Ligand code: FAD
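One chain comes next, on its own, written as structure tokens: the form predicted on its own.
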């Protein structure tokens, strides 16, 4: 590509990222609005998080038929997911199919990681440059970089001296990793570590799991979807989609009750047992409405899960280490699993509790904790991501007057509705900090954001407007509201990546919006109806 013109932007929109969000943004902006749109994607294929996260056991934790696009009835009717929770290869095939079916690839540049995006006040436009030197300009910049895409490799002393191989689950090699006859050390027991543990244990000679924080996890109860299942789903797909959009967390679930303590212990446990047997996020989102607001209500669910752990894990001491006691259920990302706790009954699996024996260093041949050195041939880091902000701040993004996004967010991310940041005109962020994002079913959140952004840009075109940015006062009020809403819940009871606690030096600010997808959508719609109140628009 050539240097962008200094007088006229080459493109109407540049989109960064070709995952769920970037693909739909391209379809909506190019085909829906007729805008000159180009997508830059760092990977060598589309798929976003499902391109990079190829670790064993990687699968969706929302039911497949709702973890999918709803914008095309034809796509919805023709695609058949194989199971309740499909694994990564099938999700990637789905996104490849979407890219082909809607002829999206011709406007996607692969292998093009964006190095910088600078706003040029004089033209005005965004000037974007990739790491391999491509340069374009565009009137609008839309980031679809994902909330969980900037891998967090912990800085552990001695890693550079390790003579074996190490991999991060978020940067998994396409050719896979051979665990046969290997002594494997896995660090991290969040959602990713919980998915990977049983699969690695089934192959490795020895698996040693280094647990930083024990986690509550609910069985997925994955199963194949039959022809009868699909006949039923397809017959009521519009109803399912509407219930998901109206649901607090983007799921078509109905609560068993609003207040857990209004039910007797026997009644509560009956609800929990039925949802445990059904599996998945229903345990949290179809049980009781105050689970994440009332500590006493939450404890009824937390203790139910702990009792299940004690019943599944044969060794009482290992069960004790696996039982979470330092945070309420759901205050960290609530994982679902396939035989995670059962895996600790295997003879080739060892659990090391890093709270009792802290990790000291990585040696040439193993991992040393305060009490012992554990020999390993291969290390798997299931240590998560620099969530919500990492992928944005790893680019050099500069707004009006050259202000760096890293400086604007130095004390934590500040946005209006999670969509824009003051001082960064015509920059939209899909599922950014300050929006429900990771607390809801992601495709529901993504489609709502893309639709809102497209409607906004269309409104600007009809009205002869060329520039939009968040007003500082509206942004400050929204940030205050986001944090006030979070403090009414139990989320602050946990040291989690929701607050950035997993990244040394990162400001501890609660980043997603806990008010729920339906209420958030209503707020966004009301802002648009009020001539985009809280935004400054200019001709």
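Positions refer to the first chain, counted from 1. Only a predicted model underlies this, so the values are computations on that prediction, with no experimental measurement involved.
Another form, the form predicted together with flavin-adenine dinucleotide (FAD), is not on view; read the next lines as being about it.
Asks: Please tell me whether the candidate spot formed by 422, 434 and 475 is one where all three residues come within 4.5 Å of flavin-adenine dinucleotide (FAD) in the predicted complex (heavy atoms).
Replies: Contact check failed for every one of 422, 434 and 475.
Asks: Looking at 313, 417, 351, 114, which has any heavy atom no more than 4.5 Å from flavin-adenine dinucleotide (FAD) in the predicted complex?
Replies: Contact check passes for 114.
Asks: Of these, 136, 453, 395, 408, which has a heavy atom no more than 4.5 Å from flavin-adenine dinucleotide (FAD) in the predicted complex?
Replies: Of 136, 453, 395, 408, the residue with a heavy atom within 4.5 Å of flavin-adenine dinucleotide (FAD) in the predicted complex is 395.
Asks: Counting only non-hydrogen atoms, which stretch in 26 to 34, 56 to 64, 477 to 485, 508 to 516 is within 4.5 Å of flavin-adenine dinucleotide (FAD) in the predicted complex?
Replies: It is the stretch 56 to 64.
Asks: Look up in the predicted complex whether residue 16 has a non-hydrogen atom within 4.5 angstroms of flavin-adenine dinucleotide (FAD), and give yes or no.
Replies: Residue 16 belongs to the contact set for flavin-adenine dinucleotide (FAD).
Asks: Would you classify residue 287 as touching flavin-adenine dinucleotide (FAD) in the predicted complex, given a 4.5 Å non-hydrogen atom cut-off?
Replies: No, no contact at 4.5 Å.
Asks: Considering only heavy atoms, tell me if residue 49 and flavin-adenine dinucleotide (FAD) come within 4.5 Å of each other in the predicted complex.
Replies: Looking in the predicted complex, residue contacts with flavin-adenine dinucleotide (FAD) include residue 49, since a heavy atom lies within 4.5 Å.
Asks: Just checking whether residue 442 would be counted as a contact of flavin-adenine dinucleotide (FAD) in the predicted complex - the rule being heavy atoms within 4.5 angstroms.
Replies: Answer yes; at least one heavy atom of residue 442 falls within 4.5 Å of flavin-adenine dinucleotide (FAD) in the predicted complex.
Asks: If we check flavin-adenine dinucleotide (FAD) in the predicted complex, which of the residues in 303 to 341 reach within 4.5 angstroms of it by a non-hydrogen atom?
Replies: Residue within 4.5 Å: 333, and no other.
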